[in-house]
Every structure is written in structure tokens, then in C-alpha cells.
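Below, in C-alpha cells: the form predicted alone, a single chain.
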């Protein structure tokens, strides 16, 4: 399943392995867009405010797919396009993503956000709702 080769294969440290998989800015932004924003198409990822370039996006989608974090299906309206979705492995990152959001809010963020307040005050409910949204999309499209 995993065709991606880690540059830390000699390390037994779980943190080193996690960083090798999700330790770059663009990977987490792509996962964020799928997980929290409900985006599934290449062009939708390009609309993110961080302005990822097409070549980096294509590379990260390929990497995430080879790792089994995401997968894709043929787009039902356009056979030349793909719809990307989180696999169970990808959905398993939701707790990590939420903890990163909460950590940034606590130590780095300067602007209050209603979304972050909702996550802080209703973390378990936010996680469950996100999982249900992902599951609902998957049931409709896969």
C-alpha cells in the first residue's frame, strides 16, 4: 500500500515519522481543506487563501495518496477530473488537527475567531460533526 519511502526509515522515533508524512505546510493545508472545508477537487484546493502552486499541490496529493491518507475517484461529471477524499487513515488525523488548532489559539493566535471558540468550547461535538460530514460525503460519493 505505502509506496512512499521515508527519509527517516532508520529512526524509531514516532515524531520523526509523523513529520516525514505530515510535516510540511502544504500537506496539512490540503488535509484541512478536505477535513474542515469539504473540498474535494484540485481546483478547489487552489482557492485556499495560502495560494498553493499547481505543481506542489499535485505532488502532495500524490504523496498523500501513496501513503493511504487520501484516495480519489473519477469525477462523475468530468471523466478527466478526480474527486479526492480522506481515507480512514486521513480521518484519523482529526484529533491531531484539532489539537494543533487549539495549541495555536492558546500560544500563537492574536485574533479571536468564532470557529476557534466553537472548537474550544465544544471539542468533542466539533470532532463528531466533522467525522459525520466526512462520512456523509463518502456515503454519497463512493
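Quantities reported herein were computed from a predicted structural model and do not represent experimental measurements. Positions refer to the first chain, counted from 1.
FYI, the form predicted in complex with another copy of the chain isn't displayed, but the following is about it.
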(message) Taking 4.5 angstroms as the heavy atom distance cut-off, pick the stretch from 38-46, 53-61, 91-99, 78-86 that is near another copy of the chain in the predicted complex.
(response) 91-99
(message) Given that another copy of the chain is not shown alongside this chain, does residue 70 nevertheless sit within 4.5 Å of it in the predicted complex, heavy atom to heavy atom?
(response) no
(request) Report whether the minimum heavy atom distance between residue 120 and another copy of the chain in the predicted complex is within 4.5 Å. (result) no
(message) Just checking whether residue 23 would be counted as a contact of another copy of the chain in the predicted complex - the rule being heavy atoms within 4.5 angstroms.
(response) yes
(request) Give a yes or no for residue 14: in the predicted complex, does one of its heavy atoms lie within 4.5 Å of a heavy atom belonging to another copy of the chain? (result) yes
(request) Taking only heavy atoms into account, state which residues of 98-115 are within 4.5 Å of another copy of the chain in the predicted complex, ordered by sequence. (result) 99, 100, 101, 103, 104, 107, 108
